[in-house]
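First, one chain by itself in structure tokens, the form predicted on its own.
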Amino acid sequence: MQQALQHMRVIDLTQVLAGPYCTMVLGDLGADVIKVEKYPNGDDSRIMGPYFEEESYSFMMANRNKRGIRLNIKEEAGREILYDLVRSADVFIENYRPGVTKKLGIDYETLRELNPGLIYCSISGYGQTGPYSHKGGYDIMAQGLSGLMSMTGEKNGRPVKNGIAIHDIAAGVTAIYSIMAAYIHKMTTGEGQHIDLSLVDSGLAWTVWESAAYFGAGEVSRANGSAHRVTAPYQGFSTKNGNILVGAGNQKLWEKFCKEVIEKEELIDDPRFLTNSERTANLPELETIIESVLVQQDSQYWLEKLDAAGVPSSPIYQYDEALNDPHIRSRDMVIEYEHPLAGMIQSLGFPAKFSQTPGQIKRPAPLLGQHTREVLQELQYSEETIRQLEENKVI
């Protein structure tokens, strides 16, 4: 079956999550991704559990649809191999701190001399410029610097890290659409370019409503639990046996919620709750009233009533419950494929459903150095040369 990116070749020098997530998606869409892992131990995520047959499940989840080689680019012979790969590549992606690529001889200025059409993408904690560019940066530092942690958690509580590595994924997603835009430009002009993006910038760009509050009204967004800053009731509530989400986010839904769900029609004319602004201003009282009703019945009872009334709602799942929900399963968001050591494994599916060029899983995450010989043979390296490179610990 044809895939959208089947003619794209990507050289991936990234590790852990942000870069590997980007190149995994490009691979899912058909790109030939060659993952270049450092010699001798490979991607740092290979030491992150859980494990199966000494293979990291964390590594498997972010590195499917890639061929893997192990290469010592600190050695001249290793860099020459990388240069040979770059000459035939469309995209080169790395996540070194600024300046390191220059020392290694793999910076953009060097590589574009080999391939003027190369799209070179740098992902780092803070970017290639600015006063923090020299610093190493991980997802949690980006959450702190972007202000995200100060908005997460319960009101008046300590700052809380987001439950997922959200800045890593934001950087990966930003890299995907940036590379695609550069690829379209290359297709029409033949020109390559350098893309500089950071974990901090990528996550900060997602704070759209929060920036509107600040730039428009000088309001600084704070942690507010599950409640919305300007809409109520639009949050989580406790029931007799768990928690649910209620999204009565406009006047019509609020009135439906009062009449048909909690059957407290008198709240509609309560001066504290007449409008959305007043409900938000008096949220503590509103929460107490609503929850005093909801705790009388199980979650499923209320979810059925909310659905019948047309008021948006959802259970608040534990992660295992989410992965086993029939809707999630029907959307092929949990898939199975075979790994050479782990056997049949489960993974997350591809979220976008293409009618003509769907994402596909063609190969599992590579074993360390699994495709080194195959890739070098494609580059016309002789068996004798390959053997010497192995003996010299270049590959």
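The first residue of the sequence shown is number 1, and the count goes up from there. Bear in mind that the values here come from a model prediction, so they are computed numbers and not experimental data.
Same protein, other form: the form predicted in complex with another copy of the chain, not shown, and the subject of what follows.
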Problem set entry | L5, heavy atom within 4.5 angstroms of another copy of the chain in the predicted bound form | yes
Exercise. Should S277 be classed as touching another copy of the chain in the predicted bound form when contacts are defined as heavy atoms within 4.5 Å?
Worked result: no
For this session: Decide whether L13 counts as a contact residue for another copy of the chain in the predicted bound form under a heavy atom distance cut-off of 4.5 Å.
Result: no
For this session: Check whether G78 has any heavy atom within 4.5 Å of a heavy atom of another copy of the chain in the predicted bound form, and answer yes or no.
Result: no
Exercise. Only one of N282, T152, T239, T101 has a non-hydrogen atom within 4.5 angstroms of another copy of the chain in the predicted bound form; which is it?
Worked result: T152
Problem set entry | Partner-contacting position among A213, I268, V293, L114 - heavy atom within 4.5 Å of another copy of the chain in the predicted bound form | A213
For this session: Within 4.5 Å of another copy of the chain in the predicted bound form, counting heavy atoms only, one of 88-96, 255-263, 69-77, 136-144 shows up; tell me which.
Result: 136-144
For this session: Could you run down 310-337 and flag each residue that has a heavy atom within 4.5 Å of another copy of the chain in the predicted bound form?
Result: P312, S313, S314, P315, I316, Y317, Q318, Y319, D320, A322, L323, N324, D325, P326, H327, I328, S330, R331, M333, V334
